[in-house]
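One chain follows as structure tokens, the form predicted on its own.
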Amino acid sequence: MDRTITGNYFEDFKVGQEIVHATPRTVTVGDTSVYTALYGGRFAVQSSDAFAQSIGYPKSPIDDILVFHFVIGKTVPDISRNAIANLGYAEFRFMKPVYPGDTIASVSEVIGVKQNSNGKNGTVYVRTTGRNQNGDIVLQFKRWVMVTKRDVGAPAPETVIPELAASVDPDSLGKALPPLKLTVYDYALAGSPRHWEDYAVGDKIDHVDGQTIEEAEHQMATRLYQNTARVHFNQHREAQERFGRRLVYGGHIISIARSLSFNGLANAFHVLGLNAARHAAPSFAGDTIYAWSEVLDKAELPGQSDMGALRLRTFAVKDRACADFPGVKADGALEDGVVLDMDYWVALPR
């Protein structure tokens, strides 16, 4: 009897299927320390209990992107263990803060499938929900992955492509935060005097610094999230594949870009939601990641009079500094070196 699990292949996914993912994860202070060691994040709210408590949190919340990693990590054995690539995300909504001691579990629903023309693989669309130990939703999002087929001769399923909203309505985002007292927010301790009013639509911010990806670190990060995708770990297998080496998990690039964005957006202490993101090119150990952001929009947050939202488009670029803001070319294609194009909302004090 075969007792091992090889993961789902493209033909195993059915629209409407609900998948309960194994191994709930209790988040600890140790997890946040490792996360800081990997990426060097410096946002004061996530770094200091005293700072967080001064503005109304019971204690320092877990970094929003770390919450994302834990939620998505639970899904990998079932959704993307046999994936060729993680293609994109949409309709991300961070619904409730997560604190050390909270336990996170994930459930996904298959909402779309489309076999590729080569007949060897296809795209699977899922809606994933992460909940805490009380059943409260902490994060919900849609993503789509390219998954290989077990049997190339298996018939193609009926194509179902779900509707994906172009952006998350900012009116729905402010409720994710507890009541905060940002009138006492300490800009000196936070590292920047810039507040919501200091940013204008069209502003471009070069985050200046670069971070080189280390082989051991990107694998350690992926293990931290209990992400079991073979493309990140198994060099013996990947040596025989297209790139001949292990791919860096796309979320690793998101975390690097978010950490780098501190230089220029130090007071963007909370990621409210993700409108869309795409991994434009693969990344490997040895690549150096730079990032820059453009302010796409500004919005008030209902019920949060001392806080505002910025809609940002952040580009992560490998082996190329961003003083000239490499992004989209005139023909709509991304410029060489761009590995991540991410559109999201953040909260800042007013």
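Because the structure is predicted, anything quoted here is derived from the model rather than measured. The first residue of the shown sequence is 1; numbering continues from there.
Another form exists, predicted in complex with another copy of the chain; not displayed. Remarks below refer to it.
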Residue among A216, V152, A166, I161 with a heavy atom within 4.5 Å of another copy of the chain in the model of the complex
A216
Can you work out which of T129, S172, T212, N116 has a heavy atom no more than 4.5 Å from another copy of the chain in the model of the complex?
T212
So in the model of the complex, is another copy of the chain close enough to A333 to count as touching (4.5 Å, heavy atoms)?
no
Close approach of R242 to another copy of the chain in the model of the complex, 4.5 Å, heavy atom
no
Look up in the model of the complex whether M95 has a non-hydrogen atom within 4.5 angstroms of another copy of the chain, and give yes or no.
no
Check L38 for me: does it contact another copy of the chain in the model of the complex (non-hydrogen atoms, 4.5 angstroms)?
yes
Determine which one of 138 to 146, 177 to 185, 120 to 128, 263 to 271 lies within 4.5 Å of another copy of the chain in the model of the complex, judging by heavy atom distances; exactly one does.
263 to 271
Within 4.5 Å of another copy of the chain in the model of the complex, do V20, D203 and R237 each have at least one heavy atom?
yes
Scan 295 to 321 and write down, in order along the chain, each residue with a heavy atom lying within 4.5 Å of another copy of the chain in the model of the complex.
D319, R320, A321
